[in-house]
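Read the single chain below, which is given as structure tokens and is the form predicted alone.
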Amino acid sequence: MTSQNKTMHAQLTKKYADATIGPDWSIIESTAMTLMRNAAISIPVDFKDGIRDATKTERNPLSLFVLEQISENYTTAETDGRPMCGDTGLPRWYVKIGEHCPMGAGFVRLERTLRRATAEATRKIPLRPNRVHPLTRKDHDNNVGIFAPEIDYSFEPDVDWMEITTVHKGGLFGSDYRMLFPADGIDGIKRFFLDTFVEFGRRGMACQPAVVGLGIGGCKDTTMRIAKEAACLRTVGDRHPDPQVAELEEEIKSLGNRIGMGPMGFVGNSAVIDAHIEVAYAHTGGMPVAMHTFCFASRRATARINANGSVEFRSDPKWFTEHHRREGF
């Protein structure tokens, strides 16, 4: 920790050491409701730009038409104030808590607030109530149930804000996992990607063009989690800070656009808007790989709630901070 960070840490620790006042829950709930609406209706600018860039290179007339219609659909959704896709996906939350955020003992209430906001947004926006019991098909008609919506957490040192991100990701298809071995190497990762992505397209299991997220390493649950985070929580054009990983991201994107498949499974060369990779330290004997796709309904929205109650909305989650990817203590 630098001397500047140590000073900041000491100041914030002193400021909040005796704090007993929790957050303004009405602000958190209204912010969550706004995020749900923004995610369902307004596609982030970085993904819109990715679609526009794809129209400049797509060579198949039918696929080009599809890309143009996707862009038109984005505009219509915002003009009409309606969700841009009939299947509004599975709403989920990502919460980043600052070390000095005045949460008090409020995590249970935070989860209740986010669950209530999910139910209210389902009714008011409206969102399609996609969540059902897997066996009985019981449906609360509000996207809330056992372990639903998912809420994932991350923590950030030396800050006093809370950031909330909602992602509405399609929940039927577009993910897979494979245990590779160190000897499979980079070529094995590429082979896994091509096998999986071609199969998704052939069977109509992903709505291209998509952002591809790969998770490499970790144990199985970590591998799947970071693959989804890579797909959903990074902006189009963002590159991993590790040059080797960044190079592989470019290769995966290029491979995905050279298999002869375009948007929505038509013949073309624009199935992948971008590829993002996250890595985690793994067992020495294995190299697990997972893949998620975030379809052209790239629905995400973020807000930072400051300690003074002010709120800043944005479309870039900025989930992968230096601290989040830390290697050491």
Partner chain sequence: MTTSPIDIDHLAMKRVDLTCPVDPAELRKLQLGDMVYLTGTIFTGREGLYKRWLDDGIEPPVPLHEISNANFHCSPAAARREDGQYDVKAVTGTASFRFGKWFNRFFERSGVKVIIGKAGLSSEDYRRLFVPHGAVYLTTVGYGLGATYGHAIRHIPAVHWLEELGIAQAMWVLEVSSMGPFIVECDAQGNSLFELSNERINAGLKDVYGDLPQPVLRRFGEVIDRQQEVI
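Residue numbers count along the first chain shown, from 1. Please read these numbers as outputs of a predicted model, since none were measured by experiment.
Heads up, the form predicted together with the partner chain isn't pictured, but that's what we're talking about next.
The candidate stretches are 158 to 166, 213 to 221, 191 to 199, 243 to 251, and the one lying within 4.5 Å of the partner chain in the predicted bound form by heavy atoms is 191 to 199. Put simply, Arg123 is close to the partner chain in the predicted bound form: some heavy atom of it is within 4.5 Å. Heavy atoms of Pro83 reach within 4.5 Å of the partner chain in the predicted bound form, making it an interface residue. In the predicted bound form, Gln69 approaches the partner chain with a heavy atom inside 4.5 Å.
Among heavy atoms of Phe266, some come within 4.5 Å of the partner chain in the predicted bound form. The candidate spot formed by Glu58, Glu150 and Gly237 is out of contact with the partner chain in the predicted bound form: none of the three has a heavy atom within 4.5 Å.
In the predicted bound form, Leu255, Arg258, Ile259, Gly260, Met261, Met264, Gly265, Phe266, Val267 are the residues of 252 to 290 with at least one heavy atom within 4.5 Å of the partner chain, listed from first to last. Expansion of the Tyr177-Arg203 CA spacing by 3 Å or more is recorded in the predicted bound form, set against this form. One change in the predicted bound form concerns Arg203 and Lys220, whose Cα atoms lie at least 3 Å farther apart than in this form.
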